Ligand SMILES: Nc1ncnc2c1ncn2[C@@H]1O[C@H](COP(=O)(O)OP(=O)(O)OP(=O)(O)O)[C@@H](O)[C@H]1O
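This document starts with one chain, in the form predicted alone, laid out as structure tokens.
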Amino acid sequence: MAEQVEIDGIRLSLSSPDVSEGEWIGQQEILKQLLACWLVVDKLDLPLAPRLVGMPGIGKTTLGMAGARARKQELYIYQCTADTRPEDLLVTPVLAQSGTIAYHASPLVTAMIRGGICILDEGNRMNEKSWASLAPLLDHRRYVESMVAGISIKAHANFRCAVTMNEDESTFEVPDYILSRLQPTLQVGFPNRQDELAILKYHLPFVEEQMLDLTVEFLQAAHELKLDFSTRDGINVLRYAVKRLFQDPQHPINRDVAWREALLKCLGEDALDLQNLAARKRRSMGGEASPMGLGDFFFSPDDPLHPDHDVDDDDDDDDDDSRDK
């Protein structure tokens, strides 16, 4: 049975903390920055509620989870959506078996009451009306008002909060008066090669080194070209590839074929030609670039193994010399 508390005569059923496992690998500086936001250095000081900003799939939520573990506090995660209502964020009324109205505290309000940490995940998918209900929580007042339950809820002194925000086009514009409360902005970037390989090994210890290396090379090339393919994409590609290899041990498919098929099925045809995709992206932004193939991040253009290498170049030069004579 859910834990209950009473506030101003209203009994609230609390949410359960998140117990998901996940290790933050590499990029220790951004973790230190998050923990700095949550410090209180004086009795008049207040913790900050930072924005964790970056592309989808690079570990923003995992970063928040790591911060909660470092502080040894309960973690609560609220998934924001376009149709999130203020009562969803705060206190939701439900019809109990007895026919009476019962009130359930959201993960956010539960963290406020218990002195935990709440991650508002993908906060820029949420509408302004819902953000407005959090304005007093995110400044020096540190409370929320539930219109549904008719109560005001003060945040515990140990309550901490952060908001993750994706850098993509399927989001709302967060109002300035909210952005001014969600400070500072912590930019979460793509991991370097060593860290990305370690992340893949952590999640997929059963995958052989060759396929891990192939995936890391692909991801690092995508990061270099400023494309949106993430570590999460690499994990999904590898999961599908190893399942295809495992599917029929009597007639196994080639590992390269399985990996290419996984790339196509998970990320689409554009992933097979990163340079061309990057060129199209630059042209759409007003730049110019010449399209190149998937082999460009494995071989230099003049390498004989490059798919576009012209093996007849030397012969053509010889023919031209003979004609000149």
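The first residue of the shown sequence is 1; numbering continues from there. What you see is a predicted model; the values in this text were computed from it and never measured.
There is also a form predicted together with the ligand; it is not shown, and the following applies to it.
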{"query": "Contact of Q27 with the ligand in the model of the complex (heavy atom, 4.5 Å)", "finding": "yes"}
{"query": "Contact flag, G57 vs the ligand in the model of the complex, heavy atom cut 4.5 Å", "finding": "yes"}
{"query": "Exercise: I235 in contact with the ligand in the model of the complex, heavy atom 4.5 Å", "finding": "yes"}
{"query": "Any non-hydrogen atom of L137 within 4.5 angstroms of the ligand in the model of the complex", "finding": "no"}
{"query": "Heavy atom within 4.5 Å of the ligand in the model of the complex - residue from R85, R255, H104, H203", "finding": "H203"}
{"query": "Heavy atom within 4.5 Å of the ligand in the model of the complex - residue from T231, S146, S130, Q73", "finding": "T231"}
{"query": "Stretch in contact in the model of the complex with the ligand, which is absent here, among 59-67, 259-267, 41-49, 276-284 (heavy atoms within 4.5 Å)", "finding": "59-67"}
{"query": "Interface residues of 246-283 toward the ligand, as seen in the model of the complex [heavy atoms, 4.5 Å]", "finding": "none"}
